[in-house]
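Coming up is one lone chain in structure tokens, specifically the form predicted on its own.
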Amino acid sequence: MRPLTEEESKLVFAKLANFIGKNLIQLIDRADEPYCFRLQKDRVYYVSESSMRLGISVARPNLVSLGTCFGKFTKSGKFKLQITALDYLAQYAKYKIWIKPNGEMPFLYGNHVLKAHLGRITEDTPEHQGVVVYSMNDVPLGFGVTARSTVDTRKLDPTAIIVFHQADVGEYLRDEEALF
């Protein structure tokens, strides 16, 4: 595992800032223990510094994973968040959306969120902003990017897309082999 380069750090933090905003500082400077990001085989891991020091003793080819996988760098050099980061995104999310029970299954199968499935949305959510998708019982289901702002969603018809799907907990079953 190696630390992220300056360019890699910018890509990771830009993507995370789209979802959690200024809470990004709380993600790094935690009260219990400092955490950091490390890169291993094009995957970015969020790991405590004490675990990272213990992981240094393991050779790179033998190290499979350490910490929580937040995402990976694609072949073109872009950073893609993975569903394994949902627990931290949900904890620090700035904008949230709740979907009705009839919209949970379509979302978990990888479809976008429609206005007909919208239960609640955080006030003043801008367009193209990262949001965490919750069920009406406050269970995080995944995350995506808003297609319209909160004000614009009120004027749309029920079949209009509100949130573009990026990841959901159904990926644990669908992409079981490729996820880790």
Partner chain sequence: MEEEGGGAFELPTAEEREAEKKAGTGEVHVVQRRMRECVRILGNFGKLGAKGRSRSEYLEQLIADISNYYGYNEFLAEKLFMLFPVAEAIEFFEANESPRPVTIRTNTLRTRRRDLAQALVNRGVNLEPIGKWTNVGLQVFESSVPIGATPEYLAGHYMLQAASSFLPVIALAPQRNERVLDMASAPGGKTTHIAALMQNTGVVFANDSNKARTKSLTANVHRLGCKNVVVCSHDGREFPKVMGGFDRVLLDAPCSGTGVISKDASVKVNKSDRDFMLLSHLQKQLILCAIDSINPASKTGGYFVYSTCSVTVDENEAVVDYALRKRPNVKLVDTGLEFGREGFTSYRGKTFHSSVNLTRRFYPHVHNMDGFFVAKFKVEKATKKSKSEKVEVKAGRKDVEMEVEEEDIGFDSDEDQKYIEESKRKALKAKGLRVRPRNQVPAPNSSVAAAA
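Keep in mind that this is a model prediction, so the values were computed, not measured. Positions refer to the first chain, counted from 1.
Only in words, not in the display: the form predicted together with its partner chain, which the text now covers.
- When its partner chain is considered in the model of the complex, Glu7 lies well away from it, no heavy atom lying within 4.5 Å.
- In the model of the complex, its partner chain lies within 4.5 Å of some heavy atom of Tyr88.
- Although the partner is absent here, Gly170 is a contact residue: one of its heavy atoms lies within 4.5 angstroms of its partner chain in the model of the complex.
- In the model of the complex, at least one heavy atom of Ser57 sits within 4.5 Å of its partner chain.
- Screening Asn111, Thr122, Ser149, Ser51 for any heavy atom within 4.5 Å of its partner chain in the model of the complex leaves a single hit, Ser51.
- Comment: 137-145 is the region of 151-159, 124-132, 137-145, 111-119 lying near its partner chain in the model of the complex, near meaning a non-hydrogen atom within 4.5 Å.
- Of the residues in 55-87, those that come within 4.5 Å of its partner chain in the model of the complex through at least one heavy atom are, in sequence order, Gly55, Ser57, Val58, Ala59, Pro61, Asn62, Leu63, Val64, Ser65, Leu66, Gly67, Thr68, Cys69, Thr84, Asp87.
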